[in-house]
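Next up is one chain by itself, shown in structure tokens, the form predicted alone.
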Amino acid sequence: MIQMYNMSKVYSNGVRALDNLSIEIERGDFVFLIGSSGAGKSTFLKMIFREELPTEGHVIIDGRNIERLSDSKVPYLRRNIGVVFQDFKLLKSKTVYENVAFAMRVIGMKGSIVDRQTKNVLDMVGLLHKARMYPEQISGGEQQRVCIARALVNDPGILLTDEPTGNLDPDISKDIMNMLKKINLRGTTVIMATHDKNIVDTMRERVVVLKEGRIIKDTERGLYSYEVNE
């Protein structure tokens, strides 16, 4: 589903964020992406979402070489990719329902479909009863669940999460991870960048370790015990 071949990313300031990286991620995989700050985790996710393009090598999503896509086809690629940010990025002036529905309206979906799918995903994350509330009226954990609902409303095949539990307490983090695992078991490929050792060690999913833009370890059902600074 996701393939990177000899892929490097060098920014205009000369920083080599990713260095000759090759990896394959199959449909339905759950992958933890770990590494110290500056290891290249966020850039890795941006390459999949085509927020950045490779300087060298190739990124292929569902058989499509994404750096060769015309600008008009990029939105179609992104419809199949949900993204969850650590800092929520919810629209404060819109309700929970409107925040989630907005992701469908911007791609021109019809009102009846928007309403049905928005209610379905809010129900799935346990927030249908708070659909008319605003972000400031719900807790941090609930805001993160709204972000997950927004990322899933277009039924993407890939879900990218960048430190989704970074600002949450352990109990809420556990709830979020249980939700992500359920989403994964439905067939969605989940890639999660994280520093949370306990979550990685508890879940025992595939672990990819980045250091200075290179993959230094890639193991099935791994642990965070691999030293990311080694």
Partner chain sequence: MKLMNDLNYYIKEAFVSFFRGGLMSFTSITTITISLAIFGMILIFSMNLKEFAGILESQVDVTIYLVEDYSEDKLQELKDFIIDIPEIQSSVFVSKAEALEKLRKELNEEDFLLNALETNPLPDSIELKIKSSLSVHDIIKKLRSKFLIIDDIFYGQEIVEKVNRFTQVLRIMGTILVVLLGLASMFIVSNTIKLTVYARREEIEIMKLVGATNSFIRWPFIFEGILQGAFGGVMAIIIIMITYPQIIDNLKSMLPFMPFVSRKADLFLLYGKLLFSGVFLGVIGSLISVRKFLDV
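Here, rigid core means the biggest group of C-alpha atoms that superpose within 1.5 Å across both forms. Positions refer to the first chain, counted from 1. Since this is a predicted model, take the numbers as computed values, not measurements.
This protein has a second form, the form predicted together with the partner chain, left out of what is shown; the following refers to that one.
- The stretch among 105-113, 119-127, 155-163, 136-144 whose residues place heavy atoms within 4.5 Å of the partner chain in the predicted complex is 105-113.
- Interface membership of Tyr97, defined by any non-hydrogen atom within 4.5 Å of the partner chain in the predicted complex, is ruled out.
- Shown alone here, Phe30 lies farther than 4.5 Å from the partner chain in the predicted complex, counting heavy atoms only.
- The closest non-hydrogen atom of Lys89 lies within 4.5 Å of the partner chain in the predicted complex.
- Using a 4.5 angstroms limit between non-hydrogen atoms, Arg132 is distant from the partner chain in the predicted complex.
- Site annotation in the predicted complex: the residue of Asp62, Asp169, Glu51, Glu56 reaching within 4.5 Å of the partner chain with a heavy atom is Glu51.
- With the core held fixed, Pro156 shows a CA shift below 2 Å between the shown form and the other one.
- In this overlay on the rigid core, Phe102 has a C-alpha that sits less than 2 Å away from its partner position between the shown form and the other one.
- Comparing the forms between the shown form and the other one on their rigid core, the Cα displacement of Asp71 stays under 2 Å.
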